[in-house]
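What follows is a single chain, given as structure tokens, in the form predicted alone.
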Amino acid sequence: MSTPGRGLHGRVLDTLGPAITAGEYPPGSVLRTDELAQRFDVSRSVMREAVRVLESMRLVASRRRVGVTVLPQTEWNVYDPQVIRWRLAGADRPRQLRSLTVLRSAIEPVAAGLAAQLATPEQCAELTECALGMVANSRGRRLQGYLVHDIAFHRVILTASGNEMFARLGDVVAEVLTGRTHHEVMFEDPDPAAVTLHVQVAEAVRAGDADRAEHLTREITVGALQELDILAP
């Protein structure tokens, strides 16, 4: 997948980013911008722009007279959607999926409980619409259509929680759900029980039942972890 709207340096990132996150350049490796510019057949200014993006993700650090040094994973901005996308595209996908799904299981149930207390009528209506869209796309191998509504559903939950920190995790959850679909860590059709749970969460939020919304959402995340045990052990 190309990095949109970034031109030549996007092409560089599409190769260099996944290589770094996959461990092809171990921590401490020094990358020479002149050598990389020749390798990718781009100007040094394009290469410097690509390096600046990698620095913003904390994948590398530039030091005068040293070069561009690959940082250890503990320094990476692991919440950056592009970093998540690159990691999900690599061999570490099962561990990354599990890590992100555990994060969801810690955050989303609480967010759903808050949403039941704080969601606006407009957000309740949007949540119901998303759930119905999931139902409509849950059969016939229509995973891409299902994904659109699934992402929207979880974004509404996180936003309706009224917690801006939860809301900012919308892009993270979107990358998890997208990665599962694009890398075929999904059944050909979504689990009917999971689809039903999403409908029930929407109903609980609309009814203002915080305990039920939290409980049902926890069931969704537990189910997602169980799917990983089967599809990405």
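The first residue of the sequence shown is number 1, and the count goes up from there. None of these values were measured; they are calculated from a predicted model.
What follows is about the form predicted in complex with a further copy of the same chain, which we do not show.
Trainee: Among Val30, Ala193, Met165, Ala207, which has any heavy atom within 4.5 Å of a further copy of the same chain in the predicted bound form?
Mentor: Answer to the contact question: Met165.
Trainee: Evaluate Glu126 for contact with a further copy of the same chain in the predicted bound form, applying a 4.5 angstroms cut-off between non-hydrogen atoms, and reply yes or no.
Mentor: Contact with a further copy of the same chain, no.
Trainee: Gly90: heavy atom within 4.5 Å of a further copy of the same chain in the predicted bound form?
Mentor: No, Gly90 sits far enough from a further copy of the same chain in the predicted bound form that none of its heavy atoms falls within 4.5 Å.
Trainee: Within a 4.5 Å heavy atom cut-off, is Arg52 in contact with a further copy of the same chain in the predicted bound form?
Mentor: Within the cut-off, so yes.
Trainee: I'd like to know whether Pro81 contacts a further copy of the same chain in the predicted bound form, with contact meaning heavy atoms within 4.5 angstroms.
Mentor: Yes, Pro81 sits close enough to a further copy of the same chain in the predicted bound form that at least one of its heavy atoms falls within 4.5 Å.
Trainee: With the distance limit set at 4.5 angstroms and only heavy atoms considered, check whether Thr74, Val110 and Gln117 all reach a further copy of the same chain in the predicted bound form.
Mentor: Spot residues vs a further copy of the same chain: full contact, yes.
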